[in-house]
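First, one chain by itself in structure tokens, the form predicted alone.
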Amino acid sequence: MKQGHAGQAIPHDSAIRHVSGTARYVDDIPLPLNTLHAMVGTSTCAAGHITQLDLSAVKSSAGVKAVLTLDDVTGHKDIGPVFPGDPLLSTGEILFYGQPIFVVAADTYQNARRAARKAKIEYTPQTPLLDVKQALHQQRFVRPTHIFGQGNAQAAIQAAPIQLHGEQYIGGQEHFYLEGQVSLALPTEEGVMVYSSTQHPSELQKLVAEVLHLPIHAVTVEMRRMGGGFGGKETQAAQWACLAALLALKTQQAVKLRLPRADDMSLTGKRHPFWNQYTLGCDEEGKILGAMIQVVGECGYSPDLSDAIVDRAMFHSDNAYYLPNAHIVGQRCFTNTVSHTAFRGFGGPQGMMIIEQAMDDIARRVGKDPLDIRKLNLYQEQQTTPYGQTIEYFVLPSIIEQLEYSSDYWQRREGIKLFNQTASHVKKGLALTPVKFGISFTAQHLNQAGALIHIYTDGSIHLNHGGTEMGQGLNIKVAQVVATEFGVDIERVLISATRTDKVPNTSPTAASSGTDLNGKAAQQAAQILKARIAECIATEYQVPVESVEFVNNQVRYLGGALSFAEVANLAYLHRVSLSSTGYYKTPLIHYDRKAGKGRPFFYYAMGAAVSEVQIDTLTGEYKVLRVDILHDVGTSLNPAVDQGQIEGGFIQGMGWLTTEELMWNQEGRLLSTSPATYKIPAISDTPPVFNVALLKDHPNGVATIYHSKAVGEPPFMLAISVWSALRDAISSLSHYKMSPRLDTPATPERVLRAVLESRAHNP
């Protein structure tokens, strides 16, 4: 195997640039002469109407070259990605605190910021709707209710020996990408060139074209790399690119729009907060007989991607457990906050939380260890989900069995029980939770990808594909696919920036499908070129085409061999095209929304984690002491990158469930707008014992690229084990009889409140 082929643990292609500071992001692009800087003017109320808008002081401010409102837009004024509801600038109605009302361009960044603050705006304010329960009561929805299920849940629950009910509030999460929202637009002879930190260049291209009233081909979008995205740049990079492009065409000068961090956090959507409830019936052993689950997404002021996000929460409300009789309801509620959007897991984590709470609640009710209840309710092969998909290649039983042994789960469980009996105010908790996460976009048309490969006469290879690199290692994995197909070293393969004029009509890099889709597309392009070259060799040397093989930087054939560079030059001299596109669309997937049945996912990625925590019952403070993870990535394309994704995803998930708290005041203004008021995990929060392993000898059962599995989102949900372990520690105060209510994020304050409630039930 040559250097850099699929399956090898090699560094990220930009690793050295990242750590040396030489990786170029949009904000690092050298600016053309006379580039202008843009800034938005925003609302200071969360709901109401503008009664007076005086921008005269803005226009006369130092350095100002242009000021635009929605009335100056000649094309589309709404940039909703799927459904309408996202005005580019305020229509006069205010929908959330901080909504952009106008945009100004000035000669410097500082002058643009100063000018934007000089607007005189008066409002007729209204009482903002900020509570998701109130929104549900008022039936204020951004999209209609969706329901699916199987069997007769209500009858099964009524007939069950044990009935349980539970609810939870799941807080949102700030993406906190290191690189904020930024776009640079340059007017061209035909239209506009846009550099944007975006996960979806093709959608951004389309929206810019519609806003400017131009054909799509007049707009080109380029994206070399992002400094993080996590879903926050799937749809919500578009607004800033559209505004920069508008100003660029208006002024015929380059325009850069970079949001200050506090504005970025205030003006862009978060992970959806959810309010979830379950009612279930189980037998005396703890096996679920029927379940009714409602997941209520707090969507903010517009649909954005909320329809699909709440759908995925519904699809994952069973997680790894068979619900023979199930009734699943998903609600999409309006609130006067920024429109919440995609975030790693795309609603799946919020959906999984309710069934994982139910597992713990059942265990306390029937007096068993929660792991026994989880294993009792695990899916078995060929059972069906509430949405009708058949379970195949279900490796979770093997994962859990291996993890029980490698983590010493049962020995540690006994040790923790003894510790909790004798310790005065410090208690420990332990939990093992599984993940079954569906891989595919739930919108079927997005499951497609394209790639472009050029081979030059010196044997060097140029690769371009529709995916975007945001630090996750997509480019190196796709390059490894191409190197493997051609049998050459990875150094021969260069991936260029994602551009809409190279691979058109691409899907967003999201849903953990970047490598699955773009890797397959690149493989097809490579195989087309290999077939052309093999035919050329067969003709030139009068050998069977079947004898031609690409290996060890050579092309070998019956009786001879040429270097890859020699073959490239030979093909050129024989007028063989050395450029090809590749295309891939995911097979088998379908979903009938009206019937609530189908196969929305090509396959499931799976894993499990054991977390041990320690809490101080006097203060609510806690520590994560140890984490053991075993995760299924099929046949790994790059074990080093995959392990990094698992570690990073887990820590980010742990932050969502513990420290990352979004705070709005009664006026609807976001208060947590900086690292001082919004606490992501620090290095000191990393578990001192952190064991991560990849499941071995389990290639993906379906035909993905080299039988690998997606790894971007599934590890995020392994962090549910931390939350469950915190509940376990609190439950020890009641001798494991009570299952405490612990909304997220489980801050020390919430942990202490749960401790006090547990003690009140066990004086």
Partner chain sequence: MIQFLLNDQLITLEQIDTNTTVLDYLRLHRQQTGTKEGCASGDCGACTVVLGELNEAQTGLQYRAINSCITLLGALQGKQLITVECLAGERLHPVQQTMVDCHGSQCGFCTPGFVMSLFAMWKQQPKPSHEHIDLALGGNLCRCTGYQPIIKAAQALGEYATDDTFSANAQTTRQALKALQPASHLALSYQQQQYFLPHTRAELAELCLHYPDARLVAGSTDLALEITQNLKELPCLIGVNQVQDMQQLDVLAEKIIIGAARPYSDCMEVIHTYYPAFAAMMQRLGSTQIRNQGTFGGNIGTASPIGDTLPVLLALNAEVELQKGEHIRLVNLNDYFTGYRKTVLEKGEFIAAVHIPRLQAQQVLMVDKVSKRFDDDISAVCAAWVLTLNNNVIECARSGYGGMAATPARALNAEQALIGKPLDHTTIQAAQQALAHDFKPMSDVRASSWYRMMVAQNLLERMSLSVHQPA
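Residue numbers count along the first chain shown, from 1. None of the values given here were measured: they were computed from a predicted structure.
What comes next is about the form predicted in complex with the partner chain, which is not displayed.
The stretch among 216-224, 668-676, 85-93, 404-412 whose residues place heavy atoms within 4.5 Å of the partner chain in the predicted bound form is 668-676. Put simply, H18 is close to the partner chain in the predicted bound form: some heavy atom of it is within 4.5 Å. Interface residue remark: E179 is counted as part of the site for the partner chain in the predicted bound form, having a heavy atom within 4.5 Å. In the predicted bound form, no heavy atom of R332 sits within 4.5 Å of the partner chain. Interface residue remark: A561 is not counted as part of the site for the partner chain in the predicted bound form, having no heavy atom within 4.5 Å. Contact with the partner chain in the predicted bound form, defined as a heavy atom within 4.5 Å, holds for exactly one of I453, M470, A106, C282, namely M470.
Residue in contact with the partner chain in the predicted bound form (any heavy atom within 4.5 Å), chosen from Y195, Y97, Y603, F343: F343. Residues from 737-753 that approach the partner chain in the predicted bound form with a non-hydrogen atom closer than or equal to 4.5 Å are T747, P748, E749, L752, R753, in the order they occur in the chain.
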